[in-house]
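Below, in structure tokens: the form predicted on its own, a single chain.
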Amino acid sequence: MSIICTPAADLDPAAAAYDFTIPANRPWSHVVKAGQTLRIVDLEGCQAVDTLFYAAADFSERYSAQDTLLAQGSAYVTTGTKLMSNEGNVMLTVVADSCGRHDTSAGACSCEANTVRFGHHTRYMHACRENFVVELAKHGLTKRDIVPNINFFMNVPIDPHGGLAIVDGISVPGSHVDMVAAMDVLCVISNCPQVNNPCNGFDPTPVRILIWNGEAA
């Protein structure tokens, strides 16, 4: 499976309307307005960024991994991918990608999944689903509103028989992906706290979020 990388758009971080660093392991959310460009930066490399999108006008419309893969005819998210909603609308379009590998099939980690995959001693460990629950509660949403997500920068190769595995990441310090919003969207991120598989190089690290207004992008 080839990996497609494209240079990021020439955007000046100093001109960004929003600039925030999400600490390792922590959740975050923010509304990205139509026409704005959202950039996620993997500051230290090999950090999975579990991400959900909801239409800001109506949270019942939300990112659909299934519709996105069907519309693209591809198993991966990269430059040119239109991120689709469960209503069949384009939510955002990926316009630049310096990493070339983003998964939307493997889902988010949970305490329950950790226990099954890595042993009961991991039950107490914080996980992405718990981060999502904490952040979604700020917007009146609950665990039932968590849908299949995008794992930016997570390397999940898929073999010809449909099998997949989480393997060593390929993103390097400063790798980033840019998306232009087609509608006002609530972006919810769990900066993945997983330490039991190689999605974070077994060492979760911070990521940076930048947002430019339409006229600056």
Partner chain sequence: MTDKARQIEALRRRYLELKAAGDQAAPKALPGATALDEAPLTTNLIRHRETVPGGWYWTARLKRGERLRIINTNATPGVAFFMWNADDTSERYNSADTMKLQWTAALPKGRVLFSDMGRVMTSIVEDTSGAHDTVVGGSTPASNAAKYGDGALRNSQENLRLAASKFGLGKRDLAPAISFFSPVSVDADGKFTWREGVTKPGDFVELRAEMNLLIALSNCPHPFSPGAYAPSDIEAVIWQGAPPLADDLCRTATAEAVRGFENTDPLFA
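Quick caveat: nothing in here was measured; it's all calculated off a predicted structure. Residue numbers count along the first chain shown, from 1.
Same protein, other form: the form predicted in complex with the partner chain, not shown, and the subject of what follows.
- Exactly one listed residue, out of 34, 172, 158, 31, brings a non-hydrogen atom to within 4.5 Å of the partner chain in the model of the complex: 158.
- The candidate spot formed by 26, 49 and 127 lies out of contact with the partner chain in the model of the complex, as no residue has a heavy atom within 4.5 Å of it.
- Exactly one of the stretches 172-180, 34-42, 147-155, 185-193 approaches the partner chain in the model of the complex with heavy atoms within 4.5 Å, and it is 147-155.
- Contact annotation: residue 113 falls within 4.5 Å of the partner chain in the model of the complex, judged by heavy atom distances.
- Residue contact with the partner chain in the model of the complex: residue 20 places no heavy atom within 4.5 Å of it.
- Contact annotation: residue 106 falls within 4.5 Å of the partner chain in the model of the complex, judged by heavy atom distances.
- In the model of the complex, residue 86 approaches the partner chain with a heavy atom inside 4.5 Å.
- In the model of the complex, the residues of 116-134 lying within 4.5 Å of the partner chain by at least one heavy atom are, in order, 116, 117, 118, 119, 120, 121, 129.
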